[in-house]
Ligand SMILES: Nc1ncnc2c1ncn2[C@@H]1O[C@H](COP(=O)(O)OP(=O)(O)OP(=O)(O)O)[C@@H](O)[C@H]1O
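Starting off, we have a lone chain in the form predicted alone, written out as structure tokens.
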């Protein structure tokens, strides 16, 4: 197939067999799709099907007689040549599956021409990974990580001609430590098989390695971190898979594997957490103090219960109804083009993320180092809080399809800071129930939400003891009486829930880094079941 001026190929159009019928098949590089049309479709059956080239997984020559049923006279006349196209089939609820269609013809030259043309177009998909580093947590969740990878993911990677180096982790921080030792630059991406904890470990290792190689001091809270361009893929196999659910729309290993294969790329904001000029953690989903911190701390003692431990600890924490006193200081994210209550959900190709990124870049260019140092207005709030939550994404999950902040964006350089002030148990329950339905969960007088680019929190006891130079984050305090009739005493300090890991520090400084890292994902698609997804049922009726 000769190229046209400008390097473009002409459309490749042939009459090919599909099942028992002859179809007109078109490979159109300009429109970026493979289409096949039945000139005489039976009644009530759609005769037009297509799949985007970007969602074709592989093409292979096929032994026809092993793949198809008897097609009558064609089989007796001549040897038939066939090729199979494997592609993404989209279903409901953002689920993807690998489907295939086999075309045949009598001419061997024509068959080879189609195979070569399709393979050349697949080679042109430069965003697709060819070599991956895979970390598998065999202990997380229901201990199914290794089985999920070997049975559901590895065959798809092999089909797509992706080579992998697999590491089975043997201890906590194994993947993180390993990422500081291996040559990460020879890989097109790093894949973690496990839950949110496994992702956090890989993220810390990858970002930390990039900063180390770039000479950046992570302990400096004002440092401008270097963007990590090595993408991370998540194969969900844990107790909680919030990050995968919030960036793909479903926690499904096959769907995530296919997103990796087609080379999707979703930038992601990352928050850095510091205490007294010492780096503590990175966060991409939830940074929660009070209610969610107490749940995590209690559930860690009951890991033997499995995922049920979250329900038990959640109920126990709700009954305890602890509140915490402290001071919040935050910088509003003036560069963003949305607000936490505008009901503009982050979706594939989000225009708010793109506009906010552009606006932030313009501000940095205009203000230079002054902007980097954060010499802007700070707003201060003091009070008693049941929960302090900062989220970089919606934090959606199957139990809470809208998440903690439905309008939070993945890559706009901001976090949504949610403050739940002291209130009655009944009012707090009303707030929690809103996470499971369509109602506005911020429509309460005791709930405030702000879109911020950085914030600081200091507990009341940290403030009281600051002059004594005491490290409150490491000190254990007694209890003191409180005024709530159901519980006569209150715990002085809570624990931070940092993406599902405990963080003991009563005074922290948090800063959002716009699009610091990238995922093998495309965000949540607005309409995940397009025309290509419907085509397979039509084919099956015709075969």
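Positions refer to the first chain, counted from 1. Keep in mind the model is a prediction, meaning the values are calculated, not measured.
Unshown form predicted in complex with this ligand; subsequent notes refer to it.
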{"item": "Selected contact from 294, 196, 416, 269, since only one has a non-hydrogen atom within 4.5 angstroms of this ligand in the model of the complex", "value": "196"}
{"item": "Partner-contacting position among 216, 329, 110, 172 - heavy atom within 4.5 Å of this ligand in the model of the complex", "value": "172"}
{"item": "Contact flag, residue 303 vs this ligand in the model of the complex, heavy atom cut 4.5 Å", "value": "yes"}
{"item": "Touches this ligand in the model of the complex: residue 356 (any heavy atom, 4.5 Å)", "value": "no"}
{"item": "4.5 angstroms heavy atom contact with this ligand in the model of the complex for residue 140", "value": "yes"}
{"item": "Partner proximity in the model of the complex: residue 310 to this ligand, non-hydrogen atom cutoff 4.5 Å", "value": "yes"}
{"item": "Which of 121-129, 233-241, 357-365, 153-161 sits within 4.5 Å of this ligand in the model of the complex, heavy atom basis", "value": "233-241"}
{"item": "Contacts with this ligand in the model of the complex, stretch 501-517 (heavy atom within 4.5 Å)", "value": "501"}
